[in-house]
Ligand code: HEM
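A single chain, nothing else alongside it, follows as structure tokens in the form predicted on its own.
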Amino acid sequence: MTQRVYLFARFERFWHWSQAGLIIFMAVTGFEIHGFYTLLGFEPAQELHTIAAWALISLWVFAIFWHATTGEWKQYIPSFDRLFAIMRYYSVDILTGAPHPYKKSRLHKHNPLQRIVYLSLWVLINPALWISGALYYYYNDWGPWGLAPYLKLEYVATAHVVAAFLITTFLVIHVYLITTGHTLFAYIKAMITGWADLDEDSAQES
């Protein structure tokens, strides 16, 4: 038996979809800036990439504030409980139709593997993308700021590209994983409406 639970708040859903849209747009313009194809033109792509970057940074700031004030930051505290069972599920057991070893609830939305991945995004990949992008953008100010002797443009550019590829890779894997619910669109529907179907035990905990 399942029960519908309001799992994702309005801002959480807005943040999720806005972040996804901005990351996709920045990937498209970023690849064009690096010469993979010509779609908008180099200068328009560069200008739009910068605008989207500031929008994404602003969104992250609001998201950090929201998580801090609502207590939702606790959803990202690392846990290794059943971690290897979950890794086995996604790599092997899912192909045999085995049940998911983790039962999510309102208090525990993310399984241990998700917690580690999302926390890595928050404290490693996102800051690397943010800092390298800002340094890249303000390259002409390195001298006045006293950074020129300590930084090389090619290293900053490489760090930015690596971080961008990592977050793009995460997005691709994420798109695949959202199709692994009890129905093909169950997770997508939950992130649109906020409501999810949980088993009775998880629903009672929520």
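One-based numbering along the sequence shown. Because the structure is a prediction, the values reported are computed rather than measured.
There is another form of the same protein, the form predicted in complex with the named molecule; it is not shown, and what comes next is about it.
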**Asked** in the predicted bound form, does each residue in the set W60, A157 and I167 place a non-hydrogen atom within 4.5 angstroms of the named molecule?
**Response** yes
**Asked** Here the chain is shown alone; which of W73, Y90, Y136, W122 has a heavy atom within 4.5 Å of the named molecule in the predicted bound form?
**Response** Y136
**Request:** Can you check 142-150, 52-60, 176-184, 65-73 and let me know which stretch has heavy atoms within 4.5 Å of the named molecule in the predicted bound form?
**Result:** 52-60
**Message:** Taking the named molecule as it sits in the predicted bound form, is L48 in contact with it (heavy atom to heavy atom, 4.5 Å or less)?
**Reply:** no
**Prompt:** Does the named molecule come within 4.5 Å of any heavy atom of L40 in the predicted bound form?
**Reply:** no
**Prompt:** Any of the heavy atoms of W130 lying within 4.5 Å of the named molecule in the predicted bound form?
**Reply:** yes
**Message:** Since only the chain is shown here, I'm wondering whether I23 would be in contact with the named molecule in the predicted bound form (any heavy atom pair within 4.5 Å).
**Reply:** yes
**Heavy atom within 4.5 Å of the named molecule in the predicted bound form - qualifying residues of 16-33** = I23, M26, A27, G30, F31, I33
